[in-house]
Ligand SMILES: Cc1cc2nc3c(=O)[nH]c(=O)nc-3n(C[C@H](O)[C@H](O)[C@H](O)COP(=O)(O)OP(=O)(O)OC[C@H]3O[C@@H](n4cnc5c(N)ncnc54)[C@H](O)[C@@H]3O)c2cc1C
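Take a look at this single chain in structure tokens; it is the form predicted alone.
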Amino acid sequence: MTSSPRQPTVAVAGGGLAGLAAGCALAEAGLRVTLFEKRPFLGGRASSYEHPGTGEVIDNCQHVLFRCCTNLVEFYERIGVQDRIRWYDQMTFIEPGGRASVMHTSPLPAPLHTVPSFLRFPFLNAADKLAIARALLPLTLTTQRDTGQPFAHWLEHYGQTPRAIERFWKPILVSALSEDLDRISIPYAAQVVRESMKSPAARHMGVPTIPLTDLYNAAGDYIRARGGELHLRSPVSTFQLEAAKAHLKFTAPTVLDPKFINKTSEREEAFDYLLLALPFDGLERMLPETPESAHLRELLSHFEGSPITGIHLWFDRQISDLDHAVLLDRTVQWMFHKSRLQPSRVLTGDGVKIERSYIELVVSSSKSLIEKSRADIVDLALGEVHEFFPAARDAKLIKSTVIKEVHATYSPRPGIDAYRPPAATLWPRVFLAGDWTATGWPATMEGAVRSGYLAAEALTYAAGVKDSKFLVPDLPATGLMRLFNMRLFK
């Protein structure tokens, strides 16, 4: 009787979106996956936890997706949480004072499907709209190269008005790329615009209806159901390669005595392969002292982080009937009405619904807030909320907190693509994943999932598992964008 072949073993360091996507793909391909995560929960920067100061389960920052994020959509379908995403085909822009404008789809073919609502925007005048249209044309019809100049320079070259920059380009691109316009690479800005215009469905926005960690726990279940293991509170410190094995050193909690649940011990375990799905700054600290590490360290030295700040406010009454909104001309860029987006957060007393508002405000590229105190940030945010939502002026603020992700994303500055490494490394048994690797996408959840799938494809090929393909095609262009894409890639 012949025994079945042994499953190759793989350690995945990092339980963020990149590591989870890679782990799920590798488990499906028949490898035995062991995933290590330093935190007590999954999701990485897209996670939630019980905040000790408020007693509330909060997301460390609001994350959204769009229909053009095909690999992220497929990942949610893979782990069975697609019904936990609520989709919106409208986007509301609010000016200080409360005037709202809604962008929605019309019957016109892409990329003209939002033109009617765009032309009716009262917060842009005719000169602004003409300038924007003049700039959108080359972004749609021509390939934009990295010239070393930032997108702000490109906008100046194409004659954008100050109002067009402040009220159109900044809300779209700073939120999408978490960087200031004078530090964004031209091709990344062009990609955001082109992907959102390629079909009416591309700009549909999805928002999770449950806390993020609850969403990604399904990925952990997916890995376990296929013979894998998860080790939480278990940061990887370093690794060594010997013969045909990768030896992983990590810290694990000691649970023999409940009185010492925070006690840890250093451990070492050998695997056939290692997949490092860590942020660029976390990876640098764990690399061994080898010539291969020197090359990777040199690439990593070119990366810079960009911060995102989430401001969580709880009011004693409803302050808006909107689920979300883009906020113009102030520090805060987005409002997400969590008590409306997540039904489980609706409070009840004696069976009677209590109308309260829990909102999360998001500031991308929040460099101006890093040195500010929590109290100062809450005061600033509260003042802006009163401007945008007049009903909030009569509401009482019950509690608040501020979450600063200082290195939330890598900065998509000009020239950075030259330093984004592929999934394969100079170590034959070690692979990389992370939104900062060479995915063809900027630092988004879609980019993170793509990196996980690309790393899984490279690793399974090295392991002799042929024809393992996980990356799914981009969203197809529709309408006139089909002709524009043919011209763009001819």
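Please read these numbers as outputs of a predicted model, since none were measured by experiment. Sequential numbering from 1, following the sequence displayed.
Separately, the form predicted in complex with the ligand exists; it is not shown, and the next lines address it.
For this session: Flag residue 39 as yes or no: does it have a non-hydrogen atom within 4.5 angstroms of any non-hydrogen atom of the ligand in the predicted bound form?
Result: Residue 39 belongs to the contact set for the ligand.
For this session: With heavy atoms only and a cut-off of 4.5 Å, decide whether residue 114 touches the ligand in the predicted bound form.
Result: Contact with the ligand, no.
For this session: Indicate whether the ligand has at least one heavy atom within 4.5 Å of a heavy atom of residue 444 in the predicted bound form.
Result: Yes, residue 444 sits close enough to the ligand in the predicted bound form that at least one of its heavy atoms falls within 4.5 Å.
For this session: Although the ligand is absent from this view, report whether residue 57 comes within 4.5 Å of it in the predicted bound form, heavy atoms only.
Result: Result no; residue 57 lies far from the ligand in the predicted bound form.
Exercise. Where does the ligand sit in the predicted bound form: which of 429 to 437, 453 to 461, 48 to 56, 25 to 33, heavy atoms within 4.5 Å?
Worked result: Selected range: 429 to 437.
For this session: State the residue from 185, 199, 71, 409 whose non-hydrogen atoms include one within 4.5 Å of the ligand in the predicted bound form.
Result: Only one option qualifies, and that one is 409.
Problem set entry | Partner-contacting position among 331, 234, 293, 357 - heavy atom within 4.5 Å of the ligand in the predicted bound form | If I apply the 4.5 Å criterion carefully, the residue I get is 234.
For this session: Heavy atoms within 4.5 Å of the ligand in the predicted bound form is the criterion; list the residues of 280 to 319 that meet it.
Result: Heavy-atom contacts to the ligand in the predicted bound form: only 308.
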